[in-house]
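Given next, in structure tokens, is a single chain: the form predicted alone.
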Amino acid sequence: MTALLDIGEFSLSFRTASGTAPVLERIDLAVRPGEIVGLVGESGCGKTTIIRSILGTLPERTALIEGGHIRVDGVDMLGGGKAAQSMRGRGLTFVPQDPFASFNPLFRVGTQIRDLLRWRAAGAKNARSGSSRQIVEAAISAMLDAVQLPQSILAKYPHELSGGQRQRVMIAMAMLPQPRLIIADEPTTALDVILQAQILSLLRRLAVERGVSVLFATHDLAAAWEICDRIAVMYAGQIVEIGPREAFFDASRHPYTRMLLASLPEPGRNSEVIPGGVPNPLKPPAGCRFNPRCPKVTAICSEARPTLAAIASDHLVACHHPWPANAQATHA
């Protein structure tokens, strides 16, 4: 199946006062039509940088694209042309971590939704006609029902909404243009556990019903379990493992993935701490970037970067010494 989001051999560095930092190294990642893919890893591993690369919001003066490609539905997202601009906000939409920061506090919610929908609409130049206004209002009304919000919310200002309501509005705004791909960056971080579960269930239900693909970035493995079809694991700017959700939790093969799962609290078991720390992005270790903390490290791990290789159906690992398939896994 042709990938809707296709990232291949993508490398990115940042200029800093202390030198050039290689923050992403040869990223290979795909999201298929109608699929929800989780991008998980510790804070600072590069998840948000990948998202900013797709959205075209990298800092122009400091970001250096070293190679590779990013395509959405065949459109080159790195070239900065009209096709990429058209894709962003129409075929590709975004659900942020902090929805409050995405609203203009001076305008009512309804005004902001209508303005955004008119801009995104394919027939934006005709959006002032009576028939177009009726179409816009009908679409907004139907989407508010879908995200379980009352119509009265349109008359409120952003500060008058709860955190859960603001995030539901963000999901509605992302869904309204009928995109093919939604990117969600830690969309439940600021919510309590009950609201998190509600928002995750809502996002998955709407994505499945509408056949929308989702790239879901999170450090919360429980959230990844709830919503994702496949999960990609990042460490220090590298993708180290990609596989179906069940394989990730029950048959993970990369040492980092297994240690990440073992660090989760679980009844009847003490969680384990991953020794050491995330490497300095200005001086990353050679080869596999996890090698200074890995219990299976050998000489080759610091000499050659392992590439993603298939070890089972739809399951890829970048490791010179992956755990055997029959080794007992840690459950989340």
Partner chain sequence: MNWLSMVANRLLWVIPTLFGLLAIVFVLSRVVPVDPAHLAAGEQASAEQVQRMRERFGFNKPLPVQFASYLRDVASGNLGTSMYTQRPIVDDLASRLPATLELIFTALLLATLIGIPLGVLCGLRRHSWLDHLLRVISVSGLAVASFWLAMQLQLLFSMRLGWLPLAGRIEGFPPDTVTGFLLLDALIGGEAELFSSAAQHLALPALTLALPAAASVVRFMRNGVIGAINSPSVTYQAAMGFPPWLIVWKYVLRLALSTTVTQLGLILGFLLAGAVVVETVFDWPGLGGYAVRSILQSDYNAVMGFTLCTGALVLVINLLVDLLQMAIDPRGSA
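Positions refer to the first chain, counted from 1. Just so you know, these numbers come straight off a predicted model, no measurement behind them.
Keep in mind the form predicted together with its partner chain is missing from the figure; the text below concerns it.
Assess the spot marked by 88, 105 and 115: is its partner chain within 4.5 Å of a heavy atom from every one of these residues in the predicted complex? So, yes: the whole triplet contacts its partner chain.
Counting non-hydrogen atoms within 4.5 angstroms of its partner chain in the predicted complex, say which of 55, 297, 65, 264 makes the cut. It is 55.
Choose one stretch from 237-245, 224-232, 145-153, 173-181: the one whose residues place a heavy atom within 4.5 angstroms of its partner chain in the predicted complex. The contacting stretch here is 173-181.
Do residue 249 and its partner chain share at least one heavy atom pair within 4.5 Å in the predicted complex? So residue 249 does not count as contacting its partner chain.
Under a 4.5 Å heavy atom criterion, is residue 189 part of the interface with its partner chain in the predicted complex? Although its partner chain is absent here, residue 189 would stay clear of it in the predicted complex, with no heavy atoms inside 4.5 Å.
Can any non-hydrogen atom of residue 257 be found within 4.5 angstroms of its partner chain in the predicted complex? No, residue 257 stays farther than 4.5 Å from its partner chain in the predicted complex.
Report whether the minimum heavy atom distance between residue 132 and its partner chain in the predicted complex is within 4.5 Å. No - in the predicted complex, heavy atoms of residue 132 and its partner chain never come within 4.5 Å of each other.
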